[in-house]
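For reference, the chain that follows is the form predicted on its own, supplied as structure tokens.
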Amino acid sequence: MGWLSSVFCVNPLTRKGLFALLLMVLEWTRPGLSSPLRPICDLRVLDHFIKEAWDAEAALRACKDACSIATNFTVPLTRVDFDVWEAMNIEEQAQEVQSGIHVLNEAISSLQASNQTDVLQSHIDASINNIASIRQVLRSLSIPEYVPPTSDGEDKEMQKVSSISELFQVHINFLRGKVRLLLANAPVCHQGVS
């Protein structure tokens, strides 16, 4: 059977995420494309990822006890102080978003090792795939990659949550907040616009 059968025998939620990723990759690798990535400035792409995160969180709320795990997750803060955000330059905003995406990816990926229901596992896999796709979107906008901090101090932009449902709620809010703000104001999307 192998990997090919596993691609076609996944649940529909994971298939949608894989399909979206495949479309983006095919667009970027199209013959005759002079640049490696074309900017993805349409916020409807982000809306797709937000909807999938909502679906995962809703499934977790319905799952309750069968989807619980006794651990704390480090996640990014989702609140935005607009005065502080707008005073930051694009590199600082990008670092904050990339750092948050990195931490969310680590938290959600840590769930793969736990024994979860098939429903939860499909949402975990889809969320990890969506984070990879969001990273590709950021790369297409020339947003700098995540650079780990040089100090070992605790990051003031992080918090702890104690349930999978809270983890996915933070995921949704982070996408709706800081990621959306960064994408909406990406310089490459405003070139030639007066």
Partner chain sequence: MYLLCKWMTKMRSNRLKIVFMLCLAFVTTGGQHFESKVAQLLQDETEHIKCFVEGKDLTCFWEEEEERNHIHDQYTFTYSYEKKNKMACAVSSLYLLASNKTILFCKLPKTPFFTTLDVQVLRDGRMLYTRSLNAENVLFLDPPRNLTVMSSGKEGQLNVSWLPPLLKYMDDSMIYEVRYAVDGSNMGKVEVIKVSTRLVLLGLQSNTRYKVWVRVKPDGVAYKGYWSAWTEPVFGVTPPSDVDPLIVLLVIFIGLILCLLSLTVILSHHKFLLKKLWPDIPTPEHKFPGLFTVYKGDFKEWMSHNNGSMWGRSVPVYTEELPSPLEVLSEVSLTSHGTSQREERKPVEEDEEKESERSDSGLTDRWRDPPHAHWLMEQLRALQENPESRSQSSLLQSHDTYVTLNQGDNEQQVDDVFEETLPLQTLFTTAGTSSLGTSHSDLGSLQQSSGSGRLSSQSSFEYPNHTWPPKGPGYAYMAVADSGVSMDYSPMSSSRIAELGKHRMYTNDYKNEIFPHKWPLSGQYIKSG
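All values derive from a computational prediction rather than experimental measurement. Residue numbers count along the first chain shown, from 1.
Note that the form predicted in complex with its partner chain isn't included here; everything after this is about it.
In the model of the complex, at least one heavy atom of residue 83 sits within 4.5 Å of its partner chain. Though the partner is left out of this view, residue 147 does not reach within 4.5 Å of its partner chain in the model of the complex, counting heavy atoms only. Heavy atoms of residue 43 reach within 4.5 Å of its partner chain in the model of the complex, making it an interface residue. For residue 74, no non-hydrogen atom is located within 4.5 Å of its partner chain in the model of the complex, even though that partner is not displayed.
Checked against its partner chain in the model of the complex, the residues 50, 128, 134, 63 give one hit for a heavy atom within 4.5 Å, which is 50. Proximity to its partner chain in the model of the complex, defined as a heavy atom within 4.5 Å, holds among 78, 105, 98, 122 only for 78. Taking its partner chain as positioned in the model of the complex, the residues of 159-185 that bring a heavy atom within 4.5 Å of it are, in sequence order, 166, 173, 176, 177, 180, 181, 185.
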